[in-house]
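The chain below stands alone, shown as structure tokens; this is the form predicted on its own.
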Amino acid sequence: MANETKKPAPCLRREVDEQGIATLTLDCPGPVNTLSDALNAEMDRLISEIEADPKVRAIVLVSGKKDSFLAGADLEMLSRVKTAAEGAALSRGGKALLARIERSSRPWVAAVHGACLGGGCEVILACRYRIATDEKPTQIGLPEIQLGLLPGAGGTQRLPRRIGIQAALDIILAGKSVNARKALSLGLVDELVPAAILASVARRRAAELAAGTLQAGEGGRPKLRAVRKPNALARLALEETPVGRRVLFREAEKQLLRKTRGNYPAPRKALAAIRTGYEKGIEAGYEAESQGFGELTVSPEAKQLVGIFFAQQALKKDPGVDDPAVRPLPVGRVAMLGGGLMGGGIAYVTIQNAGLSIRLKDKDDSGVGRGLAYVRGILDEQVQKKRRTRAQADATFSRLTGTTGYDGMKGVDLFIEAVFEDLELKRRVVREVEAFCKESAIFASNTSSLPIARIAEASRRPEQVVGMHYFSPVHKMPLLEVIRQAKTSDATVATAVAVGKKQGKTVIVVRDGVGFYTSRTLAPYMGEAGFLLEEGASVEAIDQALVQFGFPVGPLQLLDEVGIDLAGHVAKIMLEAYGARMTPPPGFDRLAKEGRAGRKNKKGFYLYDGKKKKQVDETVYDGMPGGRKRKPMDPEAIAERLALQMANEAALCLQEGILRSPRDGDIGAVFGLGFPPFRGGPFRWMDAAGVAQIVRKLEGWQAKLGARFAPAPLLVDMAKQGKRFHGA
């Protein structure tokens, strides 16, 4: 019939072999398997059918996807939850389903290859036995905390009982995943096998479990593991006595408060659920988990964090250009010009994540040596932490070579320069490269402030000149800002975006302009910190106010890390481009003249004398109004002034077309500048406060402190019309 409702495609396939082993293959429509209403209903029905079938002796759960087992809950399903009661009911339903697996008279064996996260991890915890592949795609964990949620299908109770409380806290409270070898060492999985034999070994183990022969461990077969106890005495003292558990939970709570500053409710509720399960029994723990899950599902923090997740997923599919017909050019070889920390970091993510060969050039042997040593150091650290083998590290490093000239670069597809922030130097490098490189080669500048168009003026092929702005340290910071100038071709942009994604970056594309988006919005934020210093605020008060607001570090500590001298250089460029509203505070120029460069010369806002405790260098106040006698200031007012400066500049960037969308502005600020993720980025933050309220606050500060707080015309117009940046 024409109006007949179409049934959803099935997510599970069932086959039963002659030994009575049922294989359930997870294969939901779409690229990955996720826990959804449809899958839950289908699983519930199949469990009933299996329990009623006398031929079935055991069940193996596998995935039909290439590199994905079960990637967690369907977030679209969670976004439909409107009340805490609905969220709690959803959690209880998931627990009831997994309880059927856990209590089944037929043993369940999970055969895991690929991502097994969130609800996927909770499913395998309910199984009798777990086998995983010892391959890179296999990652197992509970990342719900990163979305402002907690494991809602029993994970807070089953994981600590499986691997121990401390090990479980490390995974749950940080939202971590672990590779297969780590999962085995923790006791999270029972056995590792190559992918080629995963299904066959899983069926064999299922038959052995059904026959009752596996537990004895005869004939070399693996024995069902109890929880691993790498430090039995410590565990006995801390985890297996009521007094020890109280100490453990109390210390965990203190660490959480230090880390989150009370801004993230999910870790607290997860910890409370785990603790309840041990102090009042597992059923009480399950219920505490469901209640916490329901409350978190509708919390503002979860809404913002899930919004960031959806934005990231959308950016993964975004080629960076509007024309869907444009395809990135093939890139097989890359050259890195500049062997400093940025150059070394870019080289590392290129050889490690992108798997591409790269030629690193610096002006002399010592510069090349430093770049190579930096990359080698990152790889050595990973070997020491057992994240890779020595053979894997050596194979990765073999893709990197060094040179002081342009030899061996004629076949390079992409040149990335990270030389000193000087326009004429960068132009000279462009001319040198184009004198010998192939016609199709792309030139990318890793500049933080200089307009790409000014650099491209030196090029004979400006359509192949683009900006690729990385953030330090490159191997840890997730953002890449790709900058297109007026003449950059779509193919060049798409190629830069594709390479950035291969390097493991979250990529946004912005239009050219002084400071682009991130450096431009950071400038007034940093500048406002300087004005507060001049008004008498202390370094500690400013930094602590912004950390409490949710930034990972305060603005003055960040200035020390970036370099006060470099920040002063960029500030002059910003002033020249944008006029009086970017006027830097007078104190910054004085600090630069005193030779304060920050951490790199151990002379900045803080002391760098080897002491663990961070301590302000009191001499930094000499020459400022009030000297070393600082005034108390309201931390909320401090944080508001700096956040408003960043958000207002972000609105100007959107108004001028520097940003393609508010989504990109939020992602750029969160992953490039450390804007608090639970606030969703500057545009979502303004939506939450109300654009009209943001305008009123800006106008209030403008009346007190001057034109630098004048609200962006876009904000004024939106306030009048009652508009938002995201949604209706």
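The structure displayed is predicted, hence computed values, not measured ones. From 1 onward, residues are counted along the sequence shown.
There is another form of the same protein, the form predicted together with a small molecule; it is not shown, and what comes next is about it.
Comparing 107-115, 94-102, 521-529, 331-339 against the small molecule in the predicted complex, the single stretch with non-hydrogen atoms within 4.5 angstroms of it is 331-339.
Among residues of the shown chain, Glu208 is not one whose heavy atoms approach the small molecule to within 4.5 Å in the predicted complex. Among residues of the shown chain, Tyr286 is not one whose heavy atoms approach the small molecule to within 4.5 Å in the predicted complex. Using a 4.5 Å cutoff between non-hydrogen atoms, Arg327 does not count as a contact of the small molecule in the predicted complex.
Mapping the unseen interface onto this chain, Ala272 falls outside it, with no heavy atom inside 4.5 Å of the small molecule in the predicted complex.
Proximity to the small molecule in the predicted complex, defined as a heavy atom within 4.5 Å, holds among Ala637, Val553, Leu425, Ala486 only for Leu425. Site annotation in the predicted complex: the residue of Lys505, Arg158, Arg596, His469 reaching within 4.5 Å of the small molecule with a heavy atom is His469. Using a 4.5 Å heavy atom cutoff, Gly343, Lys361 and Glu421 all lie near the small molecule in the predicted complex.
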